[in-house]
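There is one chain below, alone, in structure tokens, taken in the form predicted alone.
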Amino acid sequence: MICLVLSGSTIEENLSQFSLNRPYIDLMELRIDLLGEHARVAAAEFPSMVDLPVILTCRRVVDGGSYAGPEKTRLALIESCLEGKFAYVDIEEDVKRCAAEQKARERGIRIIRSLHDFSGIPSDIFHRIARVAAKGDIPKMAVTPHSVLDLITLFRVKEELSSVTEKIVLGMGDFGLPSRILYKKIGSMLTYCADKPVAPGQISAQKMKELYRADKVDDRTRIFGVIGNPVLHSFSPLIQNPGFHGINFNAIYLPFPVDSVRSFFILAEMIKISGFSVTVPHKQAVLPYLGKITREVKQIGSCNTVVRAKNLWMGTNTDYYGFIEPIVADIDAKRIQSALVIGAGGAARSVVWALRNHGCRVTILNRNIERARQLADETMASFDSLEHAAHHAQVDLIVQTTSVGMIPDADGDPIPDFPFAERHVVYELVYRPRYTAMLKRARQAGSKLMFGIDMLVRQGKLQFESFTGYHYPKRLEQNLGLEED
């Protein structure tokens, strides 16, 4: 089930949220701690105003809520609201037997016993879940994983507690997002969503239902993802998931924040991940775990796509082809013969090798001159310090491969003194925003612009083919940012 957490301060606001989200949800949680004082007296009537089950919750400040009054008053408020036709009531795990609990049982309202841990994961989480379930209540554990290893603990819940059929388990924060989306793989009976997040990591019900189709995940669903750190900003789920749906391919693609590549491969085996994209900073770190790599990966020393092939992992690099495809004609026609590459990281490696393999002269600029020197030595390119960018204005192509200019650093410009001209081709790999500060300057100079979003989509379509064995559906391409502004 997908549960919408209602965050309005009035009954009317909550009814509006319900109406907007009705197509995407199975039940709601009415947070009376978020209601104004005058609205709380009408809370008991709310379940009669809607056509879906409602959870009654009054969350304390210590548990991430807004209710700061005396505990006795809070429990009395919950008890009074139970006159309404609520399906569930959330009462914290540490609350001893109270009148609200007794009233809920008398009225046939199921009790959710919740624990919210914003610091980590309790060492006895399995025991706590089993103990609550043994009393006939529904255990809810909202905890905070800080690593992939913590996430593995959450994914163990389904197998370790398979006898507990009704339970709610979720991870908060960035590392917890996969547990919210793959809630069925954890064995959780529901996941929480909100228009305005009231807990760390909540996403909208529409995104959960339409983008991820999380409620459709079953034992046959193939799991794909993108790993990185940070990674939640990734555009890739907006490419892959619509593509899966477009060809009726039973699969889901989601972001996995990863602090340890080794731990992620353990998780991948555990939940049977079929393949994944790789972004900063793991494009080189994945290499030791791959049983087979393509010629491009071997040459570049960087991998951005991993797929499961029989009993091993195979690594490919779609950045190489996604980058070079739109400029091959200009290279062949000698309109592009020299290039300036800004950066010396994993993305730069793919770019420099692609250009060198197509006969271009390349100069690498980087703040860390030793990294530029190392990449230049490997690729038979030239190098220089980033502060000397303006000295290389005679090149045909400028490629920006760093994260400078990416949201939230949207005003950043890696080469603020570079004199762009009409004859230049300026290729920006940052895709959010579409027009970075550097591209805006190049546009004013009349340079030909090439956008990061277009490269992202091209390499994403190649990843889609690796994941599924099918071409990306053409009818969907126009919705992926390919059209010119």
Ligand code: NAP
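Note that the coordinates shown come from a computational prediction; the quantities given were computed from them, not determined experimentally. In this text, residue numbers run from 1 along the sequence as written. Each form is matched to the other, and the largest set of C-alpha atoms that superpose within 1.5 Å is called the rigid core.
Below, we refer to the form predicted together with this ligand, which is not included among the displayed structures.
The stretch among 338-346, 175-183, 107-115, 131-139 whose residues place heavy atoms within 4.5 Å of this ligand in the predicted complex is 338-346. Mapping the unseen interface onto this chain, Ser403 counts among the residues with a heavy atom inside 4.5 Å of this ligand in the predicted complex. Ser204 falls outside the set of residues with a heavy atom inside 4.5 Å of this ligand in the predicted complex.
Interface residue remark: Asn357 is not counted as part of the site for this ligand in the predicted complex, having no heavy atom within 4.5 Å. At least one heavy atom of Val280 is located within 4.5 Å of this ligand in the predicted complex. This chain appears without its partner; in the predicted complex, the one residue of Ile239, Leu386, Ile273, Ile125 with a heavy atom within 4.5 Å of this ligand is Leu386. For the residues Cys58, Met28, Leu35, Leu429, the 4.5 Å heavy atom test against this ligand in the predicted complex is passed only by Leu429. For the stretch 366-380, the set of residues having any non-hydrogen atom within 4.5 angstroms of this ligand in the predicted complex comprises Asn366, Arg367, Asn368, Arg371, in sequence order. Positional change of Val341 between this form and the one not shown reaches 2 Å or more at the C-alpha, relative to the superposed core. Shown in the overlay between this form and the one not shown, fitted on the rigid core, is a CA shift at Ile369 of 2 Å or greater. With the core held fixed, the Cα of Thr57 is displaced between this form and the one not shown by less than 2 Å.
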